[in-house]
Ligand code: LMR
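Read the single chain below, which is given as structure tokens and is the form predicted on its own.
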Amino acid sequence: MKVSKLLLGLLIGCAALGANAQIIIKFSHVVAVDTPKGKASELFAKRAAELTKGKVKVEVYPNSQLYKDKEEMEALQLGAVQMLAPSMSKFGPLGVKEFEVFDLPFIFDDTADLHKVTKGPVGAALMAKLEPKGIHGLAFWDNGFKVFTANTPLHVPADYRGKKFRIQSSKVLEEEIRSVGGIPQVMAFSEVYQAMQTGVVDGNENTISNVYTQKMHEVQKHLSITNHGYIGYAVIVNKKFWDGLPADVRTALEQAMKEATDYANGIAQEENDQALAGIKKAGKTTVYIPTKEERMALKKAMVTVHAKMSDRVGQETLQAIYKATGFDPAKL
């Protein structure tokens, strides 16, 4: 990233806190507007303006308009942007590897299990680990559970062998793909469509809404509804910026964030259902629902990743999630 670009953003951010100036919050994210995160970001911007009576203006930048996903975190820490909603794997490079526990395959059976963590003490403890990095955590937003896509059918673990799957940058996800004999390919979200189109990668794991809004179904012949993993986001803000806001403004923004969070988490499943209908209607991708036996075979193969990655994500964090959800991999 060019230093001049960051410095310009930093100067603009500092100017936003002038004595009588309207407070500008640059909120950058990498997905499309018509996704749960995109829609929730717009709602937050609207409610922030209303609840602060115009004192705050939230400028939302979707689809990597300001920075690619690899650059966003640095921009936030330097103050070039004030707010992000990155996926959990983005915190590993900062040294907060515990967030990668969310990348573990089959760690949550459903949304109820997930919310026992994100809305409970485990989620709060994870957010607290960001404070020494100059980051303040505000909320967890759901995107949904992941599916696999490829140009060949994906029914059993053997079908993944030798195929190149795009993943986010995460050691946990690398191990997940290797657990079924696949080849992990780390790649920026904005580059995936072209990589699929040109054959650089064979497949991908993502939520159905992301597959649809990024038009991945146009260049992938098969989609398997495995629900093997979760994608969500931690909404975060530059700590120095946040701490420097007037108390009444912070209170209003916290309320706006609560409303946006309830909205995001409420529409995530609905958005994925609508996206699936859109994919089926397009007729370019065969949608497959694994049998109970096929999904269990995939689960048994992938859950081996938990033990292999336990030291990385932290035994304490992993056990706290097991306790909260009642999951016991030994019983598989």
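Computed from a predicted structure; not experimentally measured. The numbering used is simple: start at 1 and walk along the sequence shown.
Omitted from view is the form predicted in complex with (2S)-2-hydroxybutanedioic acid, to which the following refers.
Though (2S)-2-hydroxybutanedioic acid is absent from this view, in the model of the complex it lies within 4.5 Å of a heavy atom of just one residue from Met127, Ile231, Ala256, Val96, which is Ile231.
For the options Thr213, Thr118, Asn206, Asn227, the residue carrying a heavy atom within 4.5 angstroms of (2S)-2-hydroxybutanedioic acid in the model of the complex is Asn206. Proximity to (2S)-2-hydroxybutanedioic acid in the model of the complex, taken as heavy atoms within 4.5 Å, picks out 84-92 from the listed stretches 84-92, 194-202, 105-113, 236-244. Remark: His217 does not count among the residues lining (2S)-2-hydroxybutanedioic acid in the model of the complex, judged by a heavy atom distance of 4.5 Å or less. Proximity of Gln168 to (2S)-2-hydroxybutanedioic acid in the model of the complex: non-hydrogen atoms within 4.5 Å are present. Put simply, Ile267 is far from (2S)-2-hydroxybutanedioic acid in the model of the complex: not one heavy atom of it is within 4.5 Å.
Under a 4.5 angstroms non-hydrogen atom cutoff, (2S)-2-hydroxybutanedioic acid in the model of the complex has Asp69 among its neighbouring residues.
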